[in-house]
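Before any questions on how it binds or moves, here is one chain, the form predicted on its own, in structure tokens.
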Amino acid sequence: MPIRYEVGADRVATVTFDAPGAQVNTMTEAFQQALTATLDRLEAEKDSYDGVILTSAKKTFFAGAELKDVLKLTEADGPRMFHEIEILKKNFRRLEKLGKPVVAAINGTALGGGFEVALSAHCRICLDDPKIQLGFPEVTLGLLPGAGGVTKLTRLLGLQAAFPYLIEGKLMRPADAAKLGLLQGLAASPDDLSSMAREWIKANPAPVQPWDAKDFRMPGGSPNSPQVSQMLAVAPAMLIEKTRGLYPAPEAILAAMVEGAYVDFDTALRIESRYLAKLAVGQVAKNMITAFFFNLNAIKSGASRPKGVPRWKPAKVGILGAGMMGGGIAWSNANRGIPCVLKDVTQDKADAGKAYSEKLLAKRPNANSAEILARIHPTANADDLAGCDLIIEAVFEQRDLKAKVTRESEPQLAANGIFASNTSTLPITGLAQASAKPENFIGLHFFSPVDKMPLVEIIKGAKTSPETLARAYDYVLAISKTPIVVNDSRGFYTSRTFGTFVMEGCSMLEEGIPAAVIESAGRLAGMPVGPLAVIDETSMSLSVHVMEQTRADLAAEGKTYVAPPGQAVVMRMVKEFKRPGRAGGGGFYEYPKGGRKFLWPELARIFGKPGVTYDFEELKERILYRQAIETARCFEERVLETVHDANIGSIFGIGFPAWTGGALQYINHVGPAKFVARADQLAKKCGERFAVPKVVREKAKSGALFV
């Protein structure tokens, strides 16, 4: 049984959550049945105990819903889902109205349904451990806290104060939750947790939940109060501006909060259940659960890491190149307790790289700031790299330069140390030719700005050993980044697919479609920014350099380079109009000092075509389809080996919309057969770049999905 029940000599009933054979407690069907049976017994044996303690035998308190079950739901399951949610809530209400004090003794993380279990108690006492997380992350999975979370948190904090914890999914540490009044005590140890729970039971023999009290008033004011009503008048518009109408969950949470605040508590719970049932059977929730729970957990658990290699963490890391990228990598190491040597050609440049971390710490004060900075040793002396377990070169994307710094610094590595290149496009196998030990050479592609971007693309060269790959994987996790593993190819996965996004925008401009329309199509499809804005930020000069390097490399192999549609636009912007991007003073956008950027007015004159027509929805499709097709092609060519790396890499690396669940999950979302049919139409109209690879056609024929 997932719930144990016992009454001690002190007349305290202890209800222990302990799912057999599982690492965490979840709301399975077995749990629901056990909860009903436990409540039947608690009600029948009221005279045998004075209070109840809810606790857990696991390291965490309670993990919430069983998400595998949600993925199986169809639209026809909506009524059943509503009914099951209501049964769970009725059990929670039975606990709240038991007539005896109920204390949740929270010994570990309680998220989602787990925190809803805790909120069903009259008192919550938690271990004072900063590693413990509390709150409702459901919105990040396309759901809402539907087992009372929305209704209860709104009544405990008030409409406005509950916003970040419900609509944004902001999590809390125990100390934060205590300040908000969501915890009634913090315990220093498990023994304290138990004794504090028992003391509270003795001191509060007949507690009532705040929302059941006759004098209850909504904190911060009701929806009709002037301050709150003014906020609610603009909240929906602000939310739509942020979600672009692509994420149903935040809108449903807001609606449940406000509608529930107008009615009594039990009616509010039913409103909440209806919204959850609708979200749970929808495709967006399935997409986001697939990506942000199952795919992300596969990566964190090391699904793409070679097995049988001992876990590893470098004691000292060397970084070559102290520009924005190198400085960001140094910050990531120092901030996670790893000493690093930041080397550049002059001491001034190395010091400037360390200053990047100083600026970051100034923005986010840290009691350990001095200690963090002390872990970064800026230098112009290669001898300071001696003994590094890992050296990462982050110099300019030029093969000869990378080879030079590899030969110079590799001898400084500790025995069996590994060398990594932070290249974004150059094949690792070719770069490894400069290494004396190509089996210890690997690609670590960080994304800029490193302090904000969570992804690191690990690239295996032809001779990269499993041990080197495993160590690189462990290192990325050690600096709290998310690793994906890809095989070597030009542009790897993320740069290659990112290129299709920006080039599709440039291709649209070449067709005469107004730049403002192109940018709007990108944003309203769910990309963080439009394709023209993003290539401005990353530099069109870099794009031209990569193109010229690719042409030269292919020529050396006896092959011909075929420029993709849109490349001519980039060439003209850089060569003819001297507008290489933001860093060069301007590109597709103007960047006035002290003002907001705006599209370069000359774009309409240069690229505009009279009488051009377009279908806005089709433009959005082109942006998403082009990236999904390239991802599927990478999968077919074995550049990508797993679906989870494809989906997480597309979201975290290139900003593919989270509502889709990632580039391959987007094909699942549309349905492979429908995807192929639409892609064929786009290929006929726009060109062969929309031709789907064989692997997608096979999925369409078999009805299988990318899993």
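When you see a residue number, it is the position in the sequence shown, counting from 1. Just so it is clear, the structure is predicted and the values come from calculations on it, not from any experiment.
Just so it is clear, the following notes concern the form predicted in complex with a small molecule, a form of the same protein that is not shown.
Remark: Ile479 does not count among the residues lining the small molecule in the predicted bound form, judged by a heavy atom distance of 4.5 Å or less.
Contact check for Gly443: every heavy atom lies farther than 4.5 Å from the small molecule in the predicted bound form.
Within this chain, Tyr262 is remote from the site of the small molecule in the predicted bound form, having no heavy atom within 4.5 Å. Proximity of Ala394 to the small molecule in the predicted bound form: non-hydrogen atoms within 4.5 Å are present. Among the residues Gly323, Pro339, Pro164, Pro210, the one placing a heavy atom within 4.5 Å of the small molecule in the predicted bound form is Gly323.
A heavy atom within 4.5 Å of the small molecule in the predicted bound form is found for one listed residue only; from Asn422, Asn107, Asn335, Ser507, this is Asn422. Checking 310 to 318, 341 to 349, 451 to 459, 481 to 489 against the small molecule in the predicted bound form, the stretch whose residues place heavy atoms within 4.5 Å of it is 341 to 349.
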